[in-house]
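Okay, so we've got the same protein chain twice, two forms, each given alone as structure tokens, structure 1 and structure 2.
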Structure 1
């Protein structure tokens, strides 16, 4: 069910090969044993294709073509088996190169991705050199079942700066054949009669030193029915049994692929941590989306900050795999409060504020997530809450919603010194009204580190600290 690549390093290149392999076979009977034998035989044919000289890997957005089973023959001729993998980058035409002239006057991006990805396409040569035989047609009248599907091959390996094309592509072919074995197991395990379940390869980035891992799941089978497989994976990789690592929502998002929904993810990762004497930094764990004023064609400027903070929290639970429910809209949040009896029906569609207590109620109603509420009688007391906040990010790792006066914010972490009591707060500000511009958001402090003076020293505050379910 799984293949683990070598441990990830801070920098390096991922080789990712994708492509369709056509799976077709004919069943002369529906006997289960016969069906399994035919399917296994068909997978052996696919193994032979991948190992044949007809197997071709093309580097996307480049003229590079590689025949891995012909002594790693490649074109252009400047590329040899001893060429370093990282040298393939110079052949790849990127969007940045195409628009370099247009962007010359603009600022450079905040931070380049530490991981480079080289995308390859798996293909098969269908023509051969030499004399061609005339086709022969035959006709057989027979009742049989014809099974057909497309296997979505998706393999990854990590390379180092010293890996040659020969070494890397040998490992890549081994990963391809292993993935076919895993696909065969999943197909046979979940087959019902003569109905094929398509195998679905997913990649997961585990804590160091385990690195990038590929798991093959049966497509269409929900996560709720795959708990036994996840438990086995947690045992295999010695992972804790109170945090999801192998739900579909946990799948690794490759750095060269934009998110389709348009929201920014984890803008705090592009910030420099503050330095405090004997201080440590405690941060949100996992991935969240930045939700703020004026998104989703919704003009909530001046009243929707707590709604947006709640949406950010909901996105965290969604993207860690705790829920498959989409991030709720303002109206869905309001309806949830009506459903629990907290508000009157007229509240739905209004522009009324909500606070930490309402955020707690909505999380419980929509996601079945419980929360702790921390009361602070005046903003100056927040400076003394370093231990509680640090412990929250260590044990729960969820974003915190804080409301006070007429403003709401999201706390993503704290830098805190146990010896001096110094503290800084990592704030995600939902009052931002601009575009999804990471440069502006981080440079202008919409996502940034703030001191104790950030809070109104005389206003009271309520903090909603969501507690994550202890599940896998």
Structure 2
């Protein structure tokens, strides 16, 4: 069901081809056998199209156009089949410059991610050399069904610094062909008499060296009904059964693609992590959104910090695909606590604080997630919790909510040295009241590494450590 790209040692460039392919046919009967035949035949047409000389791949935001089936012919003429894939970057316009030609110096991409993506569009050339034969109008009169849709082709391959365009585009063609096969399989498999599904490709980032793999899912069929497929995939890729690698929510988000909801994702990735003598860095796994004071037109300045930390944790569970429930509002959180009997009905709409125990209760009530509570009688004791925190990030990988004194925070990671005992905490601070400005948030330490002195040394703290459900 998938294509896995060959492993590579350095961060090369990802080539991503997207483009709709028109899928049109007429069905004389709704008999399954006939429908299958017609659909397969239509897929064959698309195979021919993709393999034909009319198939064209254009590099987005550049004048580069490549005909993969015409000896990898390209325009502009400076590009040949032996040109390195990496050199394509020089032709791509960024926002900073307008010229359509080559850039004079190779520009390094933003520090945010080491991943370079070149986006390509799949198009068809409709022109050819003449002379040509004039068109024929063909009319068929028969009561039947007409099916017209487009297939959302979306293929990726990874390239290394040594790959030429010829190498890369050969692999891209193979990926396109394979995706059509997968789409056909999914379409036929999920067809039942009177309904058809659209095949929908999604990409998933697996741990190295497997990298990015593409899975074709039937659109509209919820994750809960695709467990068999996911089991097969886990087996195929020899993945443990306790992380939902292939749930739709976990689909890889390409860099430079904006998120529709406007929240920042993983601001901690933009920091430089501390290096401690014999120390290691243990971080939250996966993706979370940064929730803080004043967001969503909710003025919770002064009382909502634990709520925001809880929202950050909920966003983690949603984005890893453990739940489809959107991040709860303050009211929904409060209502959940009323529902479990922890609070009176008057709690809803109030500005009362909550703590780790309440966070644990809400996670259980709304997301069916259990959490461990860690108690320290004095803030100074947190310095000795390195091993436990490290273990948490290793096995669970979830963000931690910590409440104590009068403040609540989120711990996203820990840098800890087993030999020296030195420790640093990666803190995401929900007390920030500004806009989603990554620069400010990282510069001013709203998301930043703190030392043990960050904690109130005499206050007691409760930590809520959410446990990851062991499911796929």
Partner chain sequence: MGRGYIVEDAVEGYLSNLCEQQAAPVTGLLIGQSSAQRDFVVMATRTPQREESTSALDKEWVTEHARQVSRMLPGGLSVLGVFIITDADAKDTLTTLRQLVFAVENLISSDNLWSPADDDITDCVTLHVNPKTRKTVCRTFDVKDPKSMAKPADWKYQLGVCSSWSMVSCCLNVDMLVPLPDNRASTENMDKCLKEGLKVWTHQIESGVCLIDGKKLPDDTDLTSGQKRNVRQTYTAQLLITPDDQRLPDVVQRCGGSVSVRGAIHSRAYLHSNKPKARLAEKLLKRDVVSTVATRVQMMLEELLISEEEGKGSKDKQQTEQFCLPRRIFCPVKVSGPVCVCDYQFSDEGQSEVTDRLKEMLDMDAAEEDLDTRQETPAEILEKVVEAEPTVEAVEALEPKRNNYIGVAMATAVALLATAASMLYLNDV
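Positions refer to the first chain, counted from 1. Computed from a predicted model, the values in this text were never measured in an experiment. For clarity, a rigid core is taken as the largest C-alpha set superposing within 1.5 Å between two forms.
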| property | result |
| --- | --- |
| Selected structure - criterion: the form predicted alone | 1 |
| Yes/no, residue 52 Cα shift of 2 Å or more between structure 1 and structure 2 with rigid core fixed | no |
| Residue 140 C-alpha moves between structure 1 and structure 2 by 2 Å or more, core aligned | yes |
| Rigid core fit then residue 130 CA moved by 2 Å or more between structure 1 and structure 2 | no |
| Angstrom shift of the Cα atom of residue 421 between structure 1 and structure 2 (superposition on rigid core) | 2.7 |
